[in-house]
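First comes one chain, alone, set out as structure tokens in the form predicted alone.
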């Protein structure tokens, strides 16, 4: 297995070297070398996954003391399979998509190098190895986003992305320095063992080491996963090649969830940091989902959709569902990568014909005209609230009865209930010739999704964290106390129910036709269209810094 993990990391490097050396002789056919190399890498990752299932247990491969360590554990094996699989799809798609673009061979060399670095990052068993790979991801992404050298906007936002990544790297470097200073080793395995044995270890200023290190790691994860206020690089990198967007949204932006899982033994000792992670993820999920709806560019809308999904992923980490975040990472990677690779065709078709059928769904979604005939409102309200709760409860009760003993798990159920209730509520407002069939199909599909999601998430939990005591400690660290939890539940429930009531009575009493309501809606939409003015604020800060630097240079030059 040691040779296999090393081969998985080295294969893309060899492919990049051969692609560069033979590009002049083979021309466009050089892409075949890159595709063959990635095919071998993906096959090796599948074999490594099968061997890990057959022979569970963590293994380390030292390439030079503490400076170069590769870790073979369930997390690294799953992530290697995901990274190599998505990268192979991107390679296959790019063979024809990039055929008419300049720098064809260079593009595949950079793709191979990015894959190798990502595989090194997910398999890193030492802080030095992790830091080097973490840094190189940003550098290679800058080069890939700036593949079109004639595009000024592409280079501008590629630089902004690298700048954001570099700022996010600083907390990670500081966390590594503090951990090494405390335990005198770069090995992650040894650091985690030492921290578990001495959880009260302090650092600068007498602060708890675990809390400080967890907070610094979380900040790096926020920047890499486009959490709110560090998200502006994500939707503005659409000027790069579509395959790069697919790889970025399907693999690179997910690195924050991976990083938090890698440092799970540290976060177990830092419950307060997990609470902060939950809040940041929640704000990002709401902001990204709302901003997505205000975009008129399909790729930018996908960018904000990714931001919202990353918020959900970070939020899952905040409630202690670390393994669920990895499952979310994989599902989102495959789903969003497919959307980006197909976005060009959608844009092309939309320029000819929007192909939106003028049916009841179109009338409801676009023209906002709800059905004229509805079932009794109280009956529909009861169905809306009760059915998703019953399905979620039974699905999780049958899989794991102790699931309901964790506050974080209940939070996830709560959000699942909200989503399911919102689905049924929206369906109730639609018009349909056969309501019974429509509701039956929705309930069956919702049940299948919930049961499947529950089973897979539980399997991931057992695979990534087989120790039940450690799983209990993760959920315990994310707990907020019964009183706080009850107050938060009542508050959120009240907000949601109030929103539903406003939506229902707003249609009944034509509330939306009033002038002051229309003014509020226009101001809200303006704020969403301007992306909450975050980019404007950053632009103003940047202009003032440049003006200050210019005055400083003028003053120093006069001396």
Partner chain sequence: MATLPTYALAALFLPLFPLSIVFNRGLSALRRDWMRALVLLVWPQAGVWILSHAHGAPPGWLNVWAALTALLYAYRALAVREAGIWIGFVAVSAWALLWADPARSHLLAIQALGLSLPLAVAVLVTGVLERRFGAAHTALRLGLATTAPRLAALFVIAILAVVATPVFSNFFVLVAAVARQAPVMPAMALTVLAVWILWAWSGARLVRGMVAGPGRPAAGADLTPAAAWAYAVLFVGLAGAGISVGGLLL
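Positions refer to the first chain, counted from 1. Computed from a predicted model, the values in this text were never measured in an experiment.
Form predicted in complex with the partner chain: not shown, discussed below.
Participant: Does any heavy atom of residue 548 come within 4.5 Å of a heavy atom of the partner chain in the predicted complex?
Facilitator: Residue 548: contacts the partner chain in the predicted complex.
Participant: Going by a heavy atom distance of 4.5 Å, is residue 67 a contact of the partner chain in the predicted complex?
Facilitator: Flag for residue 67 set to yes.
Participant: Indicate whether the partner chain has at least one heavy atom within 4.5 Å of a heavy atom of residue 299 in the predicted complex.
Facilitator: Contact check for residue 299: no, nothing within 4.5 Å of the partner chain in the predicted complex.
Participant: Is there a non-hydrogen atom of residue 135 within 4.5 angstroms of a non-hydrogen atom of the partner chain in the predicted complex?
Facilitator: Residue 135: contacts the partner chain in the predicted complex.
Participant: Heavy atoms, 4.5 Å, the partner chain in the predicted complex: which of 163-171, 456-464, 316-324, 276-284 makes the cut? Say which one.
Facilitator: Residues of 163-171 come within 4.5 Å of the partner.
Participant: Within 4.5 Å of the partner chain in the predicted complex, heavy atoms considered, which of 143, 339, 92, 219?
Facilitator: Result of the distance check: 143.
Participant: Check each of 258, 475, 107, 186 and return the one that places a heavy atom within 4.5 angstroms of the partner chain in the predicted complex.
Facilitator: Among 258, 475, 107, 186, a heavy atom within 4.5 Å of the partner chain in the predicted complex occurs only for 186.
Participant: Can you tell me which bits of 192-224 touch the partner chain in the predicted complex, meaning any heavy atom within 4.5 Å?
Facilitator: Contacts from 192-224: just 204.
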